[in-house]
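Here you get one chain, nothing else, as structure tokens; it is the form predicted alone.
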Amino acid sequence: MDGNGRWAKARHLPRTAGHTEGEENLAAVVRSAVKRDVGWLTVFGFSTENWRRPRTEVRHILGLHEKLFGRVAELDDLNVRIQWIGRPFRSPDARTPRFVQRAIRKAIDDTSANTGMTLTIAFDYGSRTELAQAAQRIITNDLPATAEALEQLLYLPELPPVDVLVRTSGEVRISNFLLWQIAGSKVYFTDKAWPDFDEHELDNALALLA
């Protein structure tokens, strides 16, 4: 969900205003995706690299994610099940604060019975770290060094392969996001910043599957 800061700068607003707008737009995109019978939507909310951002900006983003995971009533109305992907909370290098951990666990539990779209939020997530940790488990558990074994040791092995990867805000590249899962996926690039990513942009991305 790139471009929140640039969206704010173009409007002479603080970067935090862009993140707030981006969080609100995610709710709108979720509603649009549900209407289009999208089965799985996975969004990159906060990366392992994002901890290097200014402390005030990080605190603001953490608060937004606590709010995001707390929107259970809206998710229930949409029959959306929420998941999280990221460094396991007990991992020595994990950095997700306890108050965000509590919000994540509660959202997962409260929406577990929903049968519609699965919304997965990547928080404190980095694909290289995910793959490295999976490889380390193969070594530790003396498992066969196969693609199948590694896939079963990813953070969320039930996450299906990605059909379409979306890059907003003019970023014409992939990032440290679901590197294993995006193999063979279509890629949709748009100059729109994430807060401006609307249902028409979503339709353009989904059209790649036609």
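Numbering starts at 1 and runs along the sequence shown. Here the structure is a predicted model, which is why all the values come from computation and not from measurement.
Although it is not shown, the form predicted in complex with farnesyl diphosphate is what the next lines describe.
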Quiz item: Based on heavy atom distances of at most 4.5 Å to farnesyl diphosphate in the predicted complex, which listed stretch, 179 to 187, 154 to 162, 139 to 147, 59 to 67, is the contact stretch?
Solution: 59 to 67
Exercise. Using the partner position in the predicted complex, report whether residue 100 sits within 4.5 Å of farnesyl diphosphate, counting heavy atoms only.
Key: no
Exercise. Spell out, yes or no, whether the shortest heavy atom distance between residue 121 and farnesyl diphosphate in the predicted complex is within 4.5 Å.
Key: yes
Exercise. Spell out, yes or no, whether the shortest heavy atom distance between residue 26 and farnesyl diphosphate in the predicted complex is within 4.5 Å.
Key: yes
Quiz item: Even though farnesyl diphosphate is not shown here, does residue 1 get within 4.5 Å of it in the predicted complex, heavy atoms only?
Solution: yes
Quiz item: Is it the case that 91, 95 and 126 all touch farnesyl diphosphate in the predicted complex, with a non-hydrogen atom of each within 4.5 angstroms?
Solution: no
